[in-house]
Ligand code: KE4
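Here we start with a single chain on its own, the form predicted on its own, put down as structure tokens.
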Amino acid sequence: MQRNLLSKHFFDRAKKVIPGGVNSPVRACKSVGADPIFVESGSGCWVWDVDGNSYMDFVCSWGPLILGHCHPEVVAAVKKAAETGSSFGIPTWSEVKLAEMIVDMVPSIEKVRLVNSGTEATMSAVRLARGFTNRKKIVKFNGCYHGHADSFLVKAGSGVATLGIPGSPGVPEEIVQNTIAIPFNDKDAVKNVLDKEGDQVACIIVEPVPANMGVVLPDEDFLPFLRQITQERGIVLIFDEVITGFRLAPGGAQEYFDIMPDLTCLGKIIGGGLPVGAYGGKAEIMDQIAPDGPVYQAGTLSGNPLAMAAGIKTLEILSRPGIYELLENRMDYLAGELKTISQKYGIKCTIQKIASMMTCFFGQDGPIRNFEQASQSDTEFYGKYFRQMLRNGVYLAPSQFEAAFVSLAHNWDDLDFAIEATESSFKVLA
């Protein structure tokens, strides 16, 4: 029997000084009927809480820890950088090196600007698209989460969906009026919107593989359709690859699907899990950013040496032969075994995966193509499953509307442990 006395103690203290006791809402674990565990350390694919319990981690800091926790080469690089200074607000060579690596690896990026988070990347990319086109409106898709900037909190996925919040107070109506949200994978909806308002639309922003309503795959012709119609209408196509970037392939979803957007947003994976983000794309668009152009964006910690060191080492490791094949093979094995076990115990679920990311949509028996379908999942069962897996030593995302990630640190024995934990859990819950 696990004891979580210290975690409960810290949570009680946290609620007195931090809203909800957490610094990001989903961490509160409300939707899964649990209190959060407080982590003390991590190594490889394992984390340990303050009470000494160990858990196999399939959250991986919400995706970016593709090498696992505390990879020794990344740790060594960060230590070396810390010895020379953590922040300068002055250019360093490491910023240039990481930028060059991103340009070399991501097919559509000719120039890139480093920022501090995925939210900064997406809000900056939208501002740039508006400045470049001199148009106001943006099109996004229901259930795609692009961070917490005002323009994006319209039918967002992830934490907003998990908490049952339709939008957010504090977002002015006039800003919301410039955001058009439509169903993912719906070409007719895109065409109808652009037929009516296309001359006012600056950009379409999309997660090429949504992971914030759970993993939802694009229809085979959907991304090519978006590319074609935006080119025809002079609209900037933005791929939000904060999750898929360097996850699906070295060049992200755009390499995986061979679709080149105008702008791409990247997240913490380019900093080995440290706070960092980036947006980049065609030089003619990126040259509109200050100081070369009139579109302003800045940040004191952008390109900070610690994140640069971790990012350079992470991308170096991901460039080694066979990495992505290994990750995909491990996820194929895990997903296949989970499907077999769910059928054995009569647990109704749809398992959707791509590369090294996966979601089990409970209560579903067909493909999930959009947020409207994902939202019909059995969240009550997911909560029971989450709690049972936690008892069995496996930490999953505390939300039905998220992905599970395999890292290079998950070896075959680790996956067998997770599979046995799942069978034990399903046996109890069936």
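Quick caveat: nothing in here was measured; it's all calculated off a predicted structure. Note that residue numbering follows the sequence shown and begins at 1.
Omitted here: the form predicted together with the named molecule. The next part is about that form.
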Subject >> Proximity to the named molecule in the predicted complex, single hit among 133, 92, 297, 119 (heavy atom within 4.5 Å) >> reply: 119
Subject >> Among the candidates 264, 356, 212, 359, the residue which, in the predicted complex, approaches the named molecule to within 4.5 Å (heavy atoms) >> reply: 212
Original post:
Hey, in the predicted complex, is residue 243 touching the named molecule, heavy atoms inside 4.5 Å?
Top reply: yes
Subject >> Interface membership of residue 279, the named molecule in the predicted complex, 4.5 Å heavy atom rule >> reply: no
Subject >> residue 147 within 4.5 Å of the named molecule in the predicted complex, heavy atoms >> reply: yes
**OP:** Would you check, heavy atoms only and a 4.5 Å threshold, whether residue 58 touches the named molecule in the predicted complex?
**Re:** no
Original post:
Using a 4.5 Å heavy atom cut-off, which stretch among 361-369, 23-31, 388-396, 36-44 contacts the named molecule in the predicted complex?
Top reply: 23-31
**OP:** Would you mind checking 251-279 for residues with a heavy atom within 4.5 Å of the named molecule in the predicted complex?
**Re:** 268
